[in-house]
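The chain below stands alone, shown as structure tokens; this is the form predicted on its own.
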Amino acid sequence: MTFEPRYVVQALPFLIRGARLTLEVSLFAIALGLVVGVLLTIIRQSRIKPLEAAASIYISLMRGTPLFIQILIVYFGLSEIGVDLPRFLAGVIALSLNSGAYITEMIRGGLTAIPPGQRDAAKALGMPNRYLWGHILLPQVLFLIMPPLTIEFTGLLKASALLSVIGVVELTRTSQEIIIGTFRPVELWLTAATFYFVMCFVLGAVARRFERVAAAYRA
């Protein structure tokens, strides 16, 4: 089978639409994953044993089970108890809940690099926890974990392809539907792979740029 560029040209408008949806679901999931990661970190640092235990169990479950199954549970499992979520929202929630567990571990590692004297000084001054986390700890730890965070974000973008299983018409699902009609898998999958590569490359470049700006600002 020879490579036929005309099939790629015909599919481009649909693939671009699918890539746009992939970016949207990934960016929402990235933002919510950060929120989940920060909240879980604060819970684990709260020294309230039941909450710490619940957070640890949650993190172990998210990291120890396949994301594919987590997506199915969020979409199909919740519908069984009367919670019918739109496919897009279910996909965002599943990705963010999974990513949040990994981000929590990154933040935990980043906190060990911050001198404990900073926290002790803030407590000695009577600083509320919200200011301690919002103005002292989180800005530093997010800068420290930027490299692994970038890897997590690009991995999340690629993992969004799994949402095709619940009918989210992102880039992978769009490619599948076009292949069914054209019987040209080589052209479509190569083009889809190129789209994923470009999106991951741009996301990584933006993250590295942000890291350099943040480093210059700290200096």
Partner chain sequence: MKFDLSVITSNWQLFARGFGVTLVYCGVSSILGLCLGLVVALARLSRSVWLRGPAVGFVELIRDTPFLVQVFVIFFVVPASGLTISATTAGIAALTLYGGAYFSESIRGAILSVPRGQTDAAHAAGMSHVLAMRRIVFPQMMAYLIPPLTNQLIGLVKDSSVLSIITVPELTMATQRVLGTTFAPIEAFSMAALLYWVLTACLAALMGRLEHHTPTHRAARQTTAFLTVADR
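Rigid core here is just the name for the largest C-alpha set that superposes within 1.5 Å across the two forms. Positions refer to the first chain, counted from 1. Remember, it's a predicted structure, so these values are computed and weren't measured experimentally.
Keep in mind that the form predicted together with its partner chain is missing from the display, and what follows is about it.
Put simply, K49 is far from its partner chain in the model of the complex: not one heavy atom of it is within 4.5 Å. For the chain shown alone, E80 is a contact residue for its partner chain in the model of the complex, at least one non-hydrogen atom being within 4.5 angstroms.
Proximity of L162 to its partner chain in the model of the complex falls within the 4.5 Å heavy atom cutoff. Though the partner is left out of this view, Y196 does reach within 4.5 Å of its partner chain in the model of the complex, counting heavy atoms only. Think of it this way: in the model of the complex, its partner chain has a heavy atom of just one of V186, I43, A54, L27 within 4.5 Å, and the residue is V186. In a rigid-core overlay of the protein, V25 has its C-alpha displaced by under 2 Å between this form and the one not shown.
Once both forms are fitted on their core, a CA shift of 2 Å or more is seen for L203 between this form and the one not shown.
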